[in-house]
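Take a look at this one chain, the form predicted on its own, written out in structure tokens.
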């Protein structure tokens, strides 16, 4: 059996846990606890270690998904998870520009440690104040001189949307594996 391992990362409230819960065929293992800091202004509970879900791609292949915490104080978990996976999706809440710096920090943190395929998943694109894709890409530090990974819109609550983003990520992974 071939096992693919991916990480789902991003800021607090970007949709990581929901993304995994929406598509996992097994009960998601999570480490959510009551938020006790500024995170509680966004949501009641937050991931403190990781989430884990699984999807059978076909009889010979499965996908393991590991969701990271969004808070930088848990960056030790980012390192543990990212060193075990083959690709990742960075979820960015398009309606919270104040979080873009944090998303860029996560991106830098990961890219300083591993060079693996990734995509950017824009969540909350239908919310008031959501930024356009091109502006978010610039805010994350990509420009004409720096190649940008694939960027997809994803609704973490919609199984079809999550599945489509995973297809794009797996295509990225396969394109690197073939080269």
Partner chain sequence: MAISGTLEAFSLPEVFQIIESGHKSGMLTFKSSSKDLSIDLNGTFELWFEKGNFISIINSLDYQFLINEIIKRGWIDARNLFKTTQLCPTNQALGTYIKQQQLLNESQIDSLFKMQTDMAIKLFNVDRGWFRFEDLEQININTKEQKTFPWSEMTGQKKKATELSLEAMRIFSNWSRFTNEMPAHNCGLQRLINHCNLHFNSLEEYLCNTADGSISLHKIAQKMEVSIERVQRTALSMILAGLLEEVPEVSLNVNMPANNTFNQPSNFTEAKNISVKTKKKSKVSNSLINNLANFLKSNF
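Rigid core: the largest C-alpha set superposing within 1.5 Å between the two forms. Keep in mind that what you see is a predicted model, and the values were worked out from it rather than measured. Numbering follows the first chain given and starts at 1.
Although it is not shown, the form predicted in complex with the partner chain is what the next lines describe.
Trainee: Check whether residue 20 has any heavy atom within 4.5 Å of a heavy atom of the partner chain in the model of the complex, and answer yes or no.
Mentor: It does not: once the partner chain is placed as it appears in the model of the complex, residue 20 has no heavy atom within 4.5 Å of it.
Trainee: Should residue 116 be classed as touching the partner chain in the model of the complex when contacts are defined as heavy atoms within 4.5 Å?
Mentor: Yes - in the model of the complex, heavy atoms of residue 116 and the partner chain come within 4.5 Å of each other.
Trainee: Quick one: is residue 166 in contact with the partner chain in the model of the complex, heavy atoms, 4.5 Å cut-off?
Mentor: Residue 166: contacts the partner chain in the model of the complex.
Trainee: Answer with yes or no whether residue 12 is in contact with the partner chain in the model of the complex, where contact means some heavy atom within 4.5 Å.
Mentor: Although the partner chain is absent here, residue 12 would stay clear of it in the model of the complex, with no heavy atoms inside 4.5 Å.
Trainee: Scan 93 to 116 and write down, in order along the chain, each residue with a heavy atom lying within 4.5 Å of the partner chain in the model of the complex.
Mentor: Counting only heavy atoms within 4.5 Å of the partner chain in the model of the complex, the contacting residues of 93 to 116 are 97, 98, 100, 101, 104, 105, 108, 109, 111, 112, 113, 115, 116.
Trainee: Return yes or no for residue 114: a CA shift of at least 2 Å between this form and the one not shown, with the rigid core superposed?
Mentor: Moves: no, less than 2 Å.
Trainee: Could you tell me whether the Cα atom of residue 58 shifts by at least 2 Å between this form and the one not shown after core superposition?
Mentor: Comparing forms between this form and the one not shown, the residue 58 CA shifts at least 2 Å.
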